[in-house]
Structures are given as C-alpha cells and as structure tokens.
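What follows is one chain in structure tokens, specifically the form predicted alone.
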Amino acid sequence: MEILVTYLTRRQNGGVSRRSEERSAEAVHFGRSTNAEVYLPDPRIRFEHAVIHQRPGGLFIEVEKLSGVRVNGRLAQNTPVGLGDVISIGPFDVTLVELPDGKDIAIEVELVRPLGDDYAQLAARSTVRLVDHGLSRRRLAWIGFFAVLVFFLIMPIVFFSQYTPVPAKDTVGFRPDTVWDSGPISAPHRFISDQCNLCHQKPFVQVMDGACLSCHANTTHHFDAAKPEIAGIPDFRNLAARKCNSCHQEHNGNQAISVSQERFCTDCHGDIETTLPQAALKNAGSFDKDHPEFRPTVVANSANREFKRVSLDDTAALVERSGLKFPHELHLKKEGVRGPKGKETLDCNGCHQLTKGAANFDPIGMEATCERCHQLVFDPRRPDRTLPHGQANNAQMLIREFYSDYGLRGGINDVQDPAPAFERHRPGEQAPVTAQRQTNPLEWADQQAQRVADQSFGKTMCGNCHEVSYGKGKGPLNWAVVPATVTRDWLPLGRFDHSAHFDMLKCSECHAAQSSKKATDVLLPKIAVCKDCHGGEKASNKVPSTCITCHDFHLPGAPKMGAGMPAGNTPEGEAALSRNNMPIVGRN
C-alpha cells in the first residue's frame, strides 16, 4: 500500500515544522530499525515495536505483549484503528489523518515525551569506554603489535633457523612456525604435515622443485621439451618451464592438489593438429562437445606383438588380431551351454572378475577360468593325463613320450591297430602286443603321437580357441600356436574405473558381447555412451568431467621434471610407448 509519513517538530516560538516521506510497502512497521517505514529514534523503542496491516475489515495494529502501545489511551495488542485515532508508541504519538489523493494511509508522528534529566545522569554514571578503566586504545594497540611481532614472526624465524629435520616417519609435535600454516594439508601429504622443512627448505621462498623431486624423483613430464619440433613453440616451452607448485597447490584442505580446469589442457590440445601435426593427435576440447571419438589400441599382429590405434568410427580397420578364436555369442546363449555338470547359463561375471575396489578386471587365465569346461585331455582312455596350457612344444613332447612309453611297454590296446579276432589272455597277463608294435614300436609311437597332435592342435582343443599353424620344424610334431595377446586395456592413455560403474550399469549397456560372433570384435562403447551420463566441466545435469578425470598429465617415457635435469626420453619409456604405437610428445 502507499504510505505518507509526516514528522512534526514543535519549535520554541510555537511554530510547527513538517517533514514528509512517501513509502510503498505491504505493512507499516514502527521501530528503531532503519528499515522500518516509520523510523522512531529513541532507546525506549524496540527495533520493531509495532506494525499496521490492511485487512478486509480495515486497518489493524499488532504489537507484542508488554510493549506499552496504546490506542486512544487504551493498551492495544491486535486492535483496529481508523481516521483520527492516536497511537502512543513510547515517547511518540502517531495520528491517522485525512488521506491525500493516491494514498492508502497517512500518518503524523510527533515526539511528545522526550527523555528527561535522569537519562543524562545515568549516562554520566555509566562506564562504557576502555579509557574509563585506565586502558587506552593506543596502549592496547602497541601491546598487540609487539605480541604479534614476537609470537608470529620472531619465534617462528628463530625456530626455523635452528630446527634440525627429522625422518619423515617421526612425529615432530608442536612447532612455533605452524602459525604460518595457511590451511589444512591434503590427505596424501598429511603424514608429513608437521615437518614444514621437508617442503619449505628456505625461509620466505616458495617451495622449490627440488623439494618435490626429493620424494617424486620418478615423476615424468608431459612431453620432451628438448625435441626440435617442440622447442620452438612458445606454449609448449612455457608449459615445460612451469614449477611444480604452479599446478599443485597445497594447504587447501582434503581435496585434489592438481589443476583440474579444462583450459589447462585445451589451450594446447584444442588445436594440436595444427601446432604439432607430427604427434598424430586429434584436437580435443570440452568432453561433451569437442572430444574426438575413442581410438583404442588394438593388436595388429599377435605373433609379432604389433599394436595400432584405430578410431571406433573406422569399422573396417577396427579388428583385434589377438590370436584367439573366442566367440562371446556362443558362450552367452540364453539357453545355456554344456558344462561339467550339465547345461548352465553363463554371464559376464562368470569369466570377468572384478576385485572389490579395483579399477580393472582381473586377467583371464586358462587355469582359473576356462579349464573347468575345456580340459586338455588328449587320450580318453587316460583322463588323468592332460596337456600343459601355454606350452605348445612341451605339449607335443608329452604326447610323443606318452605313446613311446606305450609302444615299448605294450600298454592298452589301440583302436587303430588291427586286432585279432579273439584277444583272450589269463588274468594278470599283459595284453598281446600287435605285430607292428613288436617289430617297430618307435614307428608305431610316432604315428600315434602325430595322429593325436594333428587332432588336438588342428581340430580340437588348441585349434578351437587359438590360431594354429602346421609346418615342418614348427614344433616337435610340426605344430605351433600363435601367441595370444589379450588386451586388458584398450585405452592405455586413458583411465576408466569399472568399480565406480559396476553397481549402476549392466555390462551389456556398454559392451555388446551377446551379439559378438568373432574374437576380432572390439567391444568398446563409443564416446556417445559415456556422454549419456558425463558432461563437460560446467555440466549441471550430468557428471562434470574434465580432462584429468580420465587422463594423467605426467606421461611415462618423458624426461624427469625439475630444473637442471637432462632432457630426453628414457629408453624404457620410449619402448613402452612404441609398443602401443603411441606418440612420445603427447596424448589425447
């Protein structure tokens, strides 16, 4: 409602001065608060002493109990008021007067009961200043100045200059220089939080790289800044010259101490195809808009352990030549597969085991996973004799020695030998030996061994799951198995935590294993699947994900960080990257 407030002041000569103010509010508040529509500056008035509301029945004044507000001389609590009513609020009289045009309420306020001499006497007897107690502000200021100087500057400097560092495993206890601590230290460094000298090695000097490298000596850089193709690019040169603490800032509490902003990476990788084309990297920006399609590292040749990076968009080249013939679709049939105890239905968890808290699944091995159903028995008459897995030459030697022993000792009748019409013998006597085994047991043993090897390696067992080859000299019985290279991590330059997703998603929501009929399929989901839940740095309706959510900054194979350290890649790191056909200078 529209309010007109007029303050009246009576002069000694009998005149009256008026000061009017216009207000717009839903109600009229009276009090000592400067926010009140009617400001009443008197210590006997509360900050909000009374309020007038406009209701369907008219105007009503509401006050708290014991406030002493009177309407026309009578105590009021929730009382209707109208034109001509006089409201007494402390030393003030508030009168409702005729309404001017455009106003809902008009009020005149006059101070009619000012403070008497008793207030002045009370103020004179009161001691409310420090100087009244003999304490001047100047003296206290100097005392505080010297206290701060001694306890927060001199004592920490003296302690720091005379302190002898102790081993990191020992606890120091209280030390005066902790008053300079600007905040809690992060969880990884909390075990040395009371040993400031380990990082702050010089007084009033920022933490130097040498202090970091005393513990993190094996930490590598993001690229080799000494390479000729990089040395001339200012952005790369400036990044390589940064100190450790420009990216890793401590004393910010229990949170990550690494820079996480996207621009830290996208400043270079946003246009890296132009600035560094020889790196074979793709431009990368915000994850939800400008991130390239995943490029997994697949096995190009299992025998020679050759790898290559292929985009998931390049379906023709996206082939995993691991040396295996494992069909997911065959093992995930809805009607089940034959097992040692009859038909059973398999799922992904039957073979892919995720240890609690681990980021990736445990490696799959023949003995732990496959042997339960795929036993390597080469002769049904001796189910206790099996071939060693992963040892093709030893397996062929075992087959040959097995049948050589039978050939020399007689052994069990062989179904391939021409047996006589009746083969009777007394209990306890050895079975009669065939003519071939009697005349040339070595020739018989070789024939049996070669027959079983051809069947085991070429048709059953090894040939069912592995790529095998036959030829003279490839093994004791002319068979060889192509070494299997099972990819455990298709994105070695990325980081994905299966444990964080395992309880929320089914395997089939990301990996189309049930429809995969070939072992060469790369069952990695496209980036669009990840974007269903993950957004960019500023995403509000998805999980905000920056570059370091999935990528590390420090790359293996790059030179160690720190001033004065020689540049150049280590042979071990360069070999590790070349095995995956990765560029040494960067990643995406």
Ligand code: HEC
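Take the two forms, superpose them, and find the largest set of C-alpha atoms that agree within 1.5 Å; that set is the rigid core. Numbering starts at 1 and runs along the sequence shown. None of these values were measured; they are calculated from a predicted model.
We do not show the form predicted together with heme C (HEC), though everything after this point is about it.
Trainee: At 4.5 Å between heavy atoms, is D104 in contact with heme C (HEC) in the predicted complex?
Mentor: Residue-level check for D104: no, no contact with heme C (HEC).
Trainee: If you check in the predicted complex, is H554 within 4.5 Å of heme C (HEC), heavy atoms only?
Mentor: Taking the distances in the predicted complex, the answer for H554 is yes, it comes within 4.5 Å of heme C (HEC).
Trainee: Heavy atoms within 4.5 Å of heme C (HEC) in the predicted complex: does F223 have any?
Mentor: Because a heavy atom of F223 falls inside 4.5 Å of heme C (HEC) in the predicted complex, the answer is yes.
Trainee: Indicate whether V63 is a 4.5 Å heavy atom neighbour of heme C (HEC) in the predicted complex.
Mentor: Judged by the heavy-atom cut-off of 4.5 Å, V63 is well away from heme C (HEC) in the predicted complex.
Trainee: Taking the partner as it appears in the predicted complex, which of 443-451, 213-221, 125-133, 139-147 has residues with heavy atoms within 4.5 Å of heme C (HEC)?
Mentor: Answer to the contact question: 213-221.
Trainee: Of the residues L96, A300, L324, V71, which one places a heavy atom within 4.5 Å of heme C (HEC) in the predicted complex?
Mentor: The option sitting close enough to the partner is L324.
Trainee: May I ask you to choose, among T386, S404, S88, S286, the residue with a heavy atom within 4.5 Å of heme C (HEC) in the predicted complex?
Mentor: Partner contact (heavy atom, 4.5 Å) among the options: S286.
Trainee: Looking at heme C (HEC) in the predicted complex, which residues in 489-505 have at least one heavy atom within 4.5 Å of it?
Mentor: Contacts from 489-505: D489, W490, L491, P492, L493, G494, R495, F496, D497, H498, A500, H501, F502, M504, L505.
Trainee: Relative to the superposed rigid core, does the CA atom of K202 travel 2 Å or more between the shown form and the other one?
Mentor: Comparing forms between the shown form and the other one, the K202 CA shifts at least 2 Å.
Trainee: Taking the rigid core as the reference frame, is the Cα of F152 displaced by 2 Å or more between the shown form and the other one?
Mentor: Yes: F152 shifts by at least 2 Å between the shown form and the other one.
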